[in-house]
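One chain follows as structure tokens, the form predicted alone.
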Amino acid sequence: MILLAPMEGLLDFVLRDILTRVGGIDRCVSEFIRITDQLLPERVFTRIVPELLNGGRTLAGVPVRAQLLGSDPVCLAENAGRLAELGPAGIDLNFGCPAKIVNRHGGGAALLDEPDTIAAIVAAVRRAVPAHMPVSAKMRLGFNDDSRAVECALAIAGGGADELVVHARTKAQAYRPPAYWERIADIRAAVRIPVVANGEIWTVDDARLCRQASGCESLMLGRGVVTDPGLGLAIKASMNGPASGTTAGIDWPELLPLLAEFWHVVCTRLDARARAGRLKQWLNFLRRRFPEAEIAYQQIRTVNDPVLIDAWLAGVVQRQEGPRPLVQSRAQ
């Protein structure tokens, strides 16, 4: 199974929509919904996870689990109960966010120094959510070090979680390579729930090595699939054939219609001030994989007028789109 990671400020509903049209992604987790000291109104949940208005799925039909972040078991449970009424594909709990503002308030990765609190949160949410609805969690290996990684995983499993995603780095290690996939194997050996490996998976070869080191069949992709939207497809294809170093799931002409659709969704759903920045943000990731994206990024790097971007993108698609069918036809 291939999961799409939650990444605040990057993998929101817009990019979930587009990436799941490509195919190769079996399930998504939303960016976190922050819970502090109140019961949130439904409109907050549907604003962050608009897929709740579509049966808990992206437009391509891929299920989305809604993620909650907080440190108060009672408040998290109350919000999880309300959220469950909206019909997500499951509820996920964030024990991995490395952001300083989140950690300062006792949320995200800061809880990895408090396994008892983690267990209480998971147990409270599990009780508040209908038995048929999955409750999962995502954690890092620790805050400053990984000495309590297994203890935290056992707390999550003991609290009643159905699945655990492990980002194979500590908060202190942030996103610096490498990822310590072998530590996921230690966690997997200790718990009796499914474990998903996450961290530093950029290519098909990375996926193969991660599976070998962690023992996990299921993987969660983040920046790797933002950089190469066909990575999920390529990983799945590699499982049915010889190992390959290529990540070629889709090529640039196939990606262009999706880039245009991404811009269309951004322009219709996001605040005007954020639109140009979102397109540049994705192109910035794509240029690691596609030389054409480097050219595109440089062409619009200083452009912020949506009208000019419309004209530029229309010209790029018209000049470079190949005769292949739209990638949307491959959506799962």
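Note that the coordinates shown come from a computational prediction; the quantities given were computed from them, not determined experimentally. In case it trips you up, residue 1 is the first one in the sequence shown, and so on.
This protein has a second form, the form predicted in complex with a small molecule, left out of what is shown; the following refers to that one.
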item	value
In the predicted bound form, Asn198 touching the small molecule (heavy atom, 4.5 Å)	yes
In the predicted bound form, Gly222 touching the small molecule (heavy atom, 4.5 Å)	yes
Partner proximity in the predicted bound form: Asn79 to the small molecule, non-hydrogen atom cutoff 4.5 Å	no
The small molecule contact at Met1 in the predicted bound form, heavy atom, 4.5 Å	no
Heavy atom contact within 4.5 Å of the small molecule in the predicted bound form, the stretch among 207-215, 182-190, 114-122, 166-174	166-174
